[in-house]
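Alright, here's a single protein chain in two forms, structure 1 and structure 2, each given by itself as structure tokens.
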Structure 1
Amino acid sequence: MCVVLPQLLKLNNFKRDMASTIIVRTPVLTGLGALFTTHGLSKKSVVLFDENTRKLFGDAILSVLDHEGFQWKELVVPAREASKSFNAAYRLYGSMIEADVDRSWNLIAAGGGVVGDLGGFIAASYFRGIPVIQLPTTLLAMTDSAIGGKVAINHPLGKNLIGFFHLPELVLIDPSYLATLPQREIYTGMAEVVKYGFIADGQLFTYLDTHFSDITDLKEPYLTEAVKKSAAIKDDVVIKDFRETDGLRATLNFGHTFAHGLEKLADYRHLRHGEAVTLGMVCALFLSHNLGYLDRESLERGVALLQRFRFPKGVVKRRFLDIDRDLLLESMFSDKKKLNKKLRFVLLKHIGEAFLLEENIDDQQVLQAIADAQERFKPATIR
């Protein structure tokens, strides 16, 4: 099955279209050379992997490049969040310079969110910008981080604080790659899928509620349908608000203000991003309800679905239920989503409609939402 989702954006005062095409199919790399030619891309590619992706998919991907007549340079980084750093980028720049990579090349980021963000950051900055092609291999990347052109590296004081808007020329999604993922990573990615149901599509929420186990078990056609719908929603939001200027794109951050605080407390190591987002969405649901925007029935539906997520034993207790609420609030203030030193929250009016609350929220209201979430959240565990 193949689905192509075109993006046509006009940015600022530039009198040109920036285009990105999302392709969902299995196998996604068939006819890659012709696809690159159609999109005006050269067949000279830097291919960035992390160590896990290189082991799982590297030989097959590079074999396709050879078969299609590409000239390529392979780069590999450790499979950890710490790879999204200036030090890692600096080393990769050096390898590219030594290989005589110039602005006629492009970069293929093959992997999950770390590789996509790091690869996009390097592509945006090398020779003042070369094309990037996203080849996501995780559910989270396929449905969120690989789409939309927000690329960044981390700073010790916060995650994703330093980066660019650099739209990929192509996003190539092959759901069959997900068969290699451990169960924990499937649930990590599922958090972003569910998020789209919360913020933009009540029918998608119902579909996910009905077929949750089918999707997390990677059954077709449910998996591909969930990926397609998620990619389409992210794509639509990006088209309408590429640089996050009118509040629409900010709705993609539902639960993320809480989540990034949780990630920082976990040293960006002990809690996966999607796990933090799941917990953050629980908090955001209670905040939406407590402030009078979300009715009780919708709150209960949302919490019930999120409690179907599975976490490694003990993770939720150590990284959420037992943490100090004041400490979490303090950690949240390092998030890039704050503006003028005030936290910005995405809330729900009902399932399928989110909005960015512009007014400041009293700290006690935020602390109460965290307390309510800690009291109520009882997820399944992965033993």
Structure 2
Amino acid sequence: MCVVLPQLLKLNNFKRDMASTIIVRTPVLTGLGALFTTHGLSKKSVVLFDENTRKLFGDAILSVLDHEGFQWKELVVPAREASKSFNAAYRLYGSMIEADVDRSWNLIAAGGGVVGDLGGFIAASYFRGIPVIQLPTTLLAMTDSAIGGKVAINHPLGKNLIGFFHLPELVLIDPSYLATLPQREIYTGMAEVVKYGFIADGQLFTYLDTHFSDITDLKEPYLTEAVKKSAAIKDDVVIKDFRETDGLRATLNFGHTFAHGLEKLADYRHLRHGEAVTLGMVCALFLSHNLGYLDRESLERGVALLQRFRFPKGVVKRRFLDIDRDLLLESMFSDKKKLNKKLRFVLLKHIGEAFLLEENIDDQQVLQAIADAQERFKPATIR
């Protein structure tokens, strides 16, 4: 006799809701029809691109869908952050309704984090939710934004404020898509890759240290290995702390408290997120060391790796890390003060282990970490 306990059923449902299948391989779309069927997905897909990913990969992707017997509807948005808006979403809902897209369809988001976040947002809300399949084409999307189910659009009062937790059914990663990605975007994504080494995996850190140029030059097998490891770490953290309740998911924000202040000072225009994160991680390393958590040798190893990142000439000229320290602190606080909140910092115990510091830190400590980073870090320009 087989008795299925209600708790077990609940747990299974819970687990199903909490897991995405992530596939990393080149080419990744072979056998797509069978893959969709195995995952209970219909062969009816809305495919969202931005103008660049439509041009670069659109014909190839849509011809695979034809070949695999899919019914599809393509949607294209401008390739910019502003596409993560309610207006853009509203327009896309309209196109989908007109094309008779209903609950039996799914949505494939083919692009960087903008397309992934917008596509996920639309999928989470359209007809009370249809499945989303992430097909990331930037290094940042492959290793970060496409994984974990946080989907959002921006509001004029702030980034990513309106959104859902909507896990992708599948994340299909093909590192060969990165061949056309500009160098600047490679370094932007690489910041998050290195972050995983810092917060979760000392061996990955050593691997990245050894093969940094191989990866930024997109050499195989190093690139795929780095993408695989990063995606697995993000997925693991997300499964363990889906709604960011026990501080684990918050460790993904290593360097980000400083980075958000820098991005704001740069009007979210002059500095890519990953560039701000690179600079923010230098500050966070010094803060970890100055507060007595991270030893000198690890600090030096960390700074040396970050020193290998390259920035566009314009960014170096603007000397973002050399700005007035009080101004940066104020910018880091800006949206917190309104909510009467404290700044939260993720620190390192050693390379490969991070934690969210619960207690309040004196402003002087934060300013000192910025000063140390400013003195030590000399950004190099993209060749």
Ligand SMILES: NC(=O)c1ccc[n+]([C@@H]2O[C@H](COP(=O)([O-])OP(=O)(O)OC[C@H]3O[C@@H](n4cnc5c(N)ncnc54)[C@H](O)[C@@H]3O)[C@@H](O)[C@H]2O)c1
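A quick note: this is a predicted structure, and the numbers were derived from the prediction, not measured. We call the rigid core whatever largest set of C-alpha positions still superposes within 1.5 Å between the two forms. Numbers follow structure 1, counted from its first residue as 1.
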Do you think the form predicted in complex with the named molecule is shown as structure 1, or as structure 2? 2
Does residue 329 move appreciably between the two structures, meaning a CA displacement of 2 Å or more on the superposed rigid core? yes
Given a core-based superposition, decide whether the C-alpha of residue 260 shifts by 2 Å or more between the two structures. yes
Please check if residue 99 moves between the two structures, taking a CA shift of 2 Å or more relative to the superposed core as movement. no
Core-aligned Cα shift of residue 289 between the two structures, given in Å: 2.3
